[in-house]
Every structure is written in structure tokens, then in C-alpha cells.
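Let's start with one chain on its own, the form predicted on its own, as C-alpha cells.
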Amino acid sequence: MNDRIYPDEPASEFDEPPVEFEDREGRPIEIRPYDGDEDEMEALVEMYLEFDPADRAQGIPPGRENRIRSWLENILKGDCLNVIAWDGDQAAGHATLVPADEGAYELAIFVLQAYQQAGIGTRLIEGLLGYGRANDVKKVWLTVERWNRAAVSLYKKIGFETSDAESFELEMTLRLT
């Protein structure tokens, strides 16, 4: 049993994807759920092959193609929920909710370096949370390295609250319903 603490009140509403918007660089971005299409899988593999090693945290995403494929095969099936940010046919970002414990899901998000600081991460998480709520996800948690101020600020802006700060990582939680 996990003694993770969740906020008493649910977070605000989030739009369920598909969602289209223009990012801060003027690029048309569409966020939509992963639909199992092989082309989408290949686009994600390409995105992760381009991923800057400095942006990897807690061992993910993996660095080598065979490990990327294996990791994606695990999180793109089953009870995991996934949304992708698209710039045309290029995957610019990916966020996932992975079933964890006691009806809670762990959130992970990845945005390619060339697309960071453009508002895509915020919209990607909001889209994922809207998709999660529509699929009966009630609680979400994540861990983030405490020195990653940009990520911590983003999570707080969306409504996550710090539930554990006793290590080099912060654990943050959010209640959807």
C-alpha cells in the first residue's frame, strides 16, 4: 500500500483531445490520442532518437533504438493512456499515464528540445489529463527532479501539489475527480 497524499479537491477541467493550437513559434500543433497506427509508432521512435540526452530523467526515455521500441511497446498498449503533440507528421511531444497503484496513474511527459518553451508541454499535459478524465482516471502522480524548476513550475500551474519532498525528487499529485 502506498501512502501517497492527493489533494482533496479535483483539478480544473481539461479539454479532451484532439486539440489544435498555434504554439509560441507560430507552428500549428495538434494534440491527439495515440491510436495504435504503425506510422505513429515510427514517428515516436524517430522523436525519441532525436531526444537530447541532457533531457533524459530517471532513465527515460531510453537512448538506443531497440530499447526505445521495447519501452514504447510497453506504454502504448494495455491500460496506459497516451497523447502525442504533432507538428504536421512529426511528433513534437508525447505524454503518458501509466497505471500504478490503488487506481492512480503515473504521468510522464517528453517534449523535443526544438519544441520546448513554446507552450506545447502545458497543452500536452492538459490534453492528457482531459483524456485521462474521460477514461475514468481519478488520481495522477509524478516525480520530478527538484532542480528542474521549469517542470516544477509547469506542474504547479496545471494544479499538481507537492506530496513528498524528502529526496532529490519531488513527488507531485493531482486529483481529477
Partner chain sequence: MKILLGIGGSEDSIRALEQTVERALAAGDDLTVAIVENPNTDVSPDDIESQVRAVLDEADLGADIRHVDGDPGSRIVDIAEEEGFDQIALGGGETSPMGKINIGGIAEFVLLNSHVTVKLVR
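Because the structure is a prediction, the values reported are computed rather than measured. Positions refer to the first chain, counted from 1.
The following text describes the form predicted in complex with its partner chain, which does not appear among the structures shown.
Not one of Val111, Ala118 and Leu154 comes within 4.5 Å of its partner chain in the model of the complex, counting any heavy atom. Remark: Ser70 does not count among the residues lining its partner chain in the model of the complex, judged by a heavy atom distance of 4.5 Å or less.
Although the partner is absent here, Leu76 sits far enough away that none of its heavy atoms falls within 4.5 Å of its partner chain in the model of the complex. Contact check for Gly103: no non-hydrogen atom falls within 4.5 Å of its partner chain in the model of the complex. Under a 4.5 angstroms non-hydrogen atom cutoff, its partner chain in the model of the complex lacks Glu16 among its neighbouring residues.
With contact defined as any non-hydrogen atom lying within 4.5 angstroms of its partner chain in the model of the complex, the contacting residues in 34 to 65 are Ala57, Gln58, Gly59, Ile60, given in sequence order.
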